[in-house]
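Below you will find one chain, with nothing else, as structure tokens; this is the form predicted alone, and questions on how it binds or moves follow later.
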């Protein structure tokens, strides 16, 4: 029997609620495949700071170190609550970026998938959605402005200042480029390269390396898009995209826009892949305003499980069935209150109710 250790980072806000539904899926997959998933809970995020004095405690690092994969819930607090935590210990700076740095998870995969049957979730017009939207954003995750040198202080004129550096070297760009080209080769063989080379020299280098790597992929068409134009066309014609590759901050912003296209970041899971380890997480935040109410949809958390099954444990068939089970629940007219909007005649269920229905559908497949 195969056995895998999975670090479980519940996170903050709605994190524990949606994580509970994700682990139901793992229990079912384990039972019918004679696989053992050893789930290793570890404190992480704001809750970890208040309970352990650090948003990424040493004991959590040790658990993640020995895990075969990491399943992470959303982290963060409201703006006011965040002020109770020292700046450098707030979850994003004190936990999330160190997690990425520790395991060098340089490749972030964020699928933007909306079949025609779920078009009612999207704010876009039906003629724009057409037969459905299906593209993936590949974001470089451990370089750029987020990881460059940072300096704050008082300048010679007595004014407060901040200086943050956007840093990339060619090796960092080359490795994410290869991931993007490999992904495009498996799909429609079209890669949209997103940049800002008319202003940023970092994008000039980025484009040079993309073109160099592209020589090894003659069957993949590369289409260059300025990031601001890409943002526009994600709304006007999202179906033209299949695989998009971009640097860290561009990816952060445009992938959230992808969630807007779907109608909610609650419909966007993600995978963060490194050379030796990966973690999987919803793209959305911890939604502290609805925490504890059992109204958050666990789609993105369960979708992250599907990505983990495929990308870390080579269980592609089971991953496909997880996606199919979730789509089936939506197709039957069920939804959770956080995804509801005027005009949608959906049968409202709770967080655990959605998880139970997905588990039942998966058991039948």
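Because the structure is a prediction, the values reported are computed rather than measured. Positions refer to the first chain, counted from 1.
Missing here is the form predicted together with 3-isopropylmalic acid (IPM); even so, the following discussion is about that form.
**Request:** May I ask you to check whether residue 195 falls inside a 4.5 Å heavy atom distance of 3-isopropylmalic acid (IPM) in the predicted bound form?
**Result:** It does not: once 3-isopropylmalic acid (IPM) is placed as it appears in the predicted bound form, residue 195 has no heavy atom within 4.5 Å of it.
Although the partner isn't part of this model, could you tell me whether residue 277 comes within 4.5 Å of 3-isopropylmalic acid (IPM) in the predicted bound form, counting any heavy atom of the residue? No, residue 277 stays farther than 4.5 Å from 3-isopropylmalic acid (IPM) in the predicted bound form.
Contact label in the predicted bound form: residue 247 to 3-isopropylmalic acid (IPM), heavy atom within 4.5 Å = The answer is no: residue 247 has no heavy atom within 4.5 Å of 3-isopropylmalic acid (IPM).
Classify residue 172 as contacting or not contacting 3-isopropylmalic acid (IPM) in the predicted bound form by the rule of any non-hydrogen atom within 4.5 angstroms, answering yes or no.
Residue-level check for residue 172: no, no contact with 3-isopropylmalic acid (IPM).
### Task
Quick one: find which of 181-189, 157-165, 279-287, 225-233 has residues within 4.5 Å of 3-isopropylmalic acid (IPM) in the predicted bound form by heavy atom distance.
Contact-bearing stretch, as computed: 279-287.
Practice task
Could you work out which of 96, 261, 142, 209 is the residue within 4.5 angstroms of 3-isopropylmalic acid (IPM) in the predicted bound form, going by heavy atoms?
Solution key: Flagged contact: 96.
Quick one: from 92, 242, 221, 81, grab the residue that has a heavy atom within 4.5 Å of 3-isopropylmalic acid (IPM) in the predicted bound form. Selected residue: 92.
What residues, if any, in 95-121 have a non-hydrogen atom within 4.5 angstroms of 3-isopropylmalic acid (IPM) in the predicted bound form? If the 4.5 Å heavy-atom criterion is applied to 3-isopropylmalic acid (IPM) in the predicted bound form, 95-121 yields 96, 100, 110.
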